[in-house]
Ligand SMILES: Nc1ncnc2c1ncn2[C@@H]1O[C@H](COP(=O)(O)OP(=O)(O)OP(=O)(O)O)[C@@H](O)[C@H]1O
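First, one chain by itself in structure tokens, the form predicted alone.
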């Protein structure tokens, strides 16, 4: 049966023995699999720091043709050539449909993407201002969270593949809920999201698949079974008790 997703899964080829990628748990286990399959229009990659989530999601984005620091496939800026070469070993299994739109949005390099847009708009030989597609004003004239949501709400057009790296770094809990509404509208408009996150709020998105990456492997789990949810709930239920245990 054919998947209706733009990205059905990923495979990683054999990597050289001396490459550090082989020692990232997420990468090691995908190498041992025939394919890591995506089964939902919204897939969350979750796991502890250092497990390889951001490295993997960057590789997926670059393999799909996006700029390593974020943006559309037409973005060609580079402020710090520090992205990994993992995409060279990664194969994306694509669906039978081609996306009409796409964006790689990462909170840590949002400033760089905003600067690139301003530079293009400052070019006297350029065409119509690019910022018109991002809400009409420079992303630098907005807060980090406002600019992040401005990209989602104005630039994401639907029927697309959208890859997000830890969006919660830019957003308050209330803005995360707003982002979830945006994701729902875009999914209803035939879009797919692949998101690396630590946010138990985002993980609660209805119908999403949560893929937990750990030292023991990769598995699909309920968001309530993630360490992120369990620890957050324990803390909110009894912050004094938990802090007391930590500070003993």
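None of the values given here were measured: they were computed from a predicted structure. Residue numbers count along the first chain shown, from 1.
Unshown form predicted together with the named molecule; subsequent notes refer to it.
Proximity of residue 189 to the named molecule in the model of the complex: non-hydrogen atoms within 4.5 Å are absent; the residue sits far from the partner.
Within 4.5 Å of some heavy atom of the named molecule in the model of the complex lies at least one heavy atom of residue 51.
By the criterion of a heavy atom within 4.5 Å, residue 55 is counted among the residues contacting the named molecule in the model of the complex.
When contacts are judged by a 4.5 Å heavy atom cut-off, residue 24 counts as touching the named molecule in the model of the complex. Only one segment in the set 181 to 189, 215 to 223, 41 to 49, 201 to 209 has residues whose heavy atoms sit within 4.5 Å of the named molecule in the model of the complex; it is 41 to 49.
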